[in-house]
Structures are given as C-alpha cells and as structure tokens.
Ligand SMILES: NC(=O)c1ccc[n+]([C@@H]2O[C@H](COP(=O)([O-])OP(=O)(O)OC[C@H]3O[C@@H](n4cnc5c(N)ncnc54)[C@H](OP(=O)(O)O)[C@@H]3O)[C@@H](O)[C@H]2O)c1
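Given next, in structure tokens, is a single chain: the form predicted alone.
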Amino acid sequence: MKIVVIGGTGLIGSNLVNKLRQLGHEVSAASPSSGVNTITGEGLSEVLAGAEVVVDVSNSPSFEDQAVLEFFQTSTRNLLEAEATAGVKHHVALSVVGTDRLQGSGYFRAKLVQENLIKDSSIPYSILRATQFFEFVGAIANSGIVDGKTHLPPALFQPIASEDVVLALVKVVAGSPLEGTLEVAGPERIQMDEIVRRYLSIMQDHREVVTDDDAPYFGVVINDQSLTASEDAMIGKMSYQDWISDPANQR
C-alpha cells in the first residue's frame, strides 16, 4: 500500500514512516525539507500520485493564535483538495485529546477547525486524538515558570509514550476509515504538578514546583477531565516510570 506521511520527518512522523516500511508498505516522508509544502501546495500532487492513505502528523511552527489557525486551515484545505484530485481513499489525522474542551486556547481552536475541515471533506477519514507525549513534560515544566518557579495545576492528565502513539497510528492506517474519532492515552492518570516534580528531580533541575489550581496550561485553566481520555480509548503500554528510567530519554 502506498502511504504518504505529512510531517514525516518529525518525532511521530519519522518513527511512523519506519514502522510502516517495516511492514512492507511504500511510504513517502513528506515535509518542506523533502520538497512538499502543504501551505504553498508545492510538491503535493507529485507525492500524492497513486497514494491510498495520507497520514497528517504535521504541526504548526508557531503557536501564536492567528499563526496556528492559518497553518491548520491552509494546510488542511490544500491537502484535502490534493487528495481528492489524487483519489486518496483514507485520510488519517493526529489530533489532541480534549481539543473540544479547551477552546479558550488558540491552539486547540485551530485543531478543532482542522478536525471539522476533515469531517466536512469528501475523503473517508480517521482522526486519532492522543494525550500529551512523555517527551513534552519538559516543555510543560518550562511553560509554567513565574519568577524562577514552575507554577502548575494538580489536574490529572494521561500522558503517553510517543512510541505508543505511533503503534496506534499503524493500527488506524491498517484499518478501514473510522469516519469518526478515536482516542489513545497513557496507562496512568497523573497529576501534572507531580509528574513535573519527578521529571525535574531526575534531570537534577532544582526548580521549585508550586501547586496552583489556577495556574494555566498554555493559557487555559484545566481540571481532571480536560486532558484525560474517555473509557473507550486505546491505552498505551509504557508507563512514565519505565520511559523516564531509560537514560536515552533523560535529556
């Protein structure tokens, strides 16, 4: 099966490309560095020729409200139009658990626009919403810095190893279009402030973590339901402790 991975050189994309190739698929890793630009449309018709499945794991280079909205609107529209012309049979997109619950955030508003464009298109689709990657915990720690201390809420979330997200994507790609949304999450619900304390301790970073119910998560106040998955979500196998215990992840 010919598969095109948009964003195929990033954390998720590069691993997904390798996994799909190991399974015998013909896979193109599409990104601006390979001459495929979903914003300008450059290279799209060429890379999509003969493709049966397109997997979009790309992300905006800027998280500023207007920039991220323009990225997902333009990229998704151009991609879906090119797919329709090429006769693509399945569009798979990676999104985020809680997207519809966190509309106070410009990023999540943009992701919901992306999801709705996919749903309104003529291309059979599957949307996989994932929780935050373990690799993202360091960025969460840095996001809450106020006067040298990291302020974070004690809200539960359900982070996941990026490897488990890739395995979930492989299953979705191998199946028929869902014409709907599926969630994938880590095996544990963990307080955000607590996991960051563990992370900073392992990194030998002595910043104090201040527990604050009102501390925003990238501009949005969250609760225990904001970033946790539904009961019918796919669940990854790797725990955070197992992941962070690997020296390769301690950087």
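Each residue number is its position in the shown sequence, starting from 1. Not measured: the values here are computed from a predicted model.
The same protein also has a form predicted in complex with this ligand, omitted here; what follows describes it.
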Q. Of S226, T211, N59, S28, which one comes within 4.5 Å of this ligand in the predicted bound form, counting heavy atoms only?
A. N59
(Q) Can you work out which of S126, S95, T76, S105 has a heavy atom no more than 4.5 Å from this ligand in the predicted bound form? (A) S95
Q) Does A233 make contact with this ligand in the predicted bound form, using a 4.5 Å heavy atom cut-off? A) no
Q. Quick one: is M238 in contact with this ligand in the predicted bound form, heavy atoms, 4.5 Å cut-off?
A. no
**Q.** Partner proximity in the predicted bound form: I39 to this ligand, non-hydrogen atom cutoff 4.5 Å
**A.** yes
Q: Tell me, yes or no, whether V4 is in contact with this ligand in the predicted bound form, where a contact means a heavy atom of each within 4.5 Å.
A: no
Q: Just one of 185 to 193, 65 to 73, 47 to 55, 199 to 207 has residues with a heavy atom within 4.5 Å of this ligand in the predicted bound form, so point it out.
A: 65 to 73
Q. Using a 4.5 Å cut-off on heavy atoms, what residues in 127 to 162 are near this ligand in the predicted bound form?
A. A130, T131, Q132, F133, F136
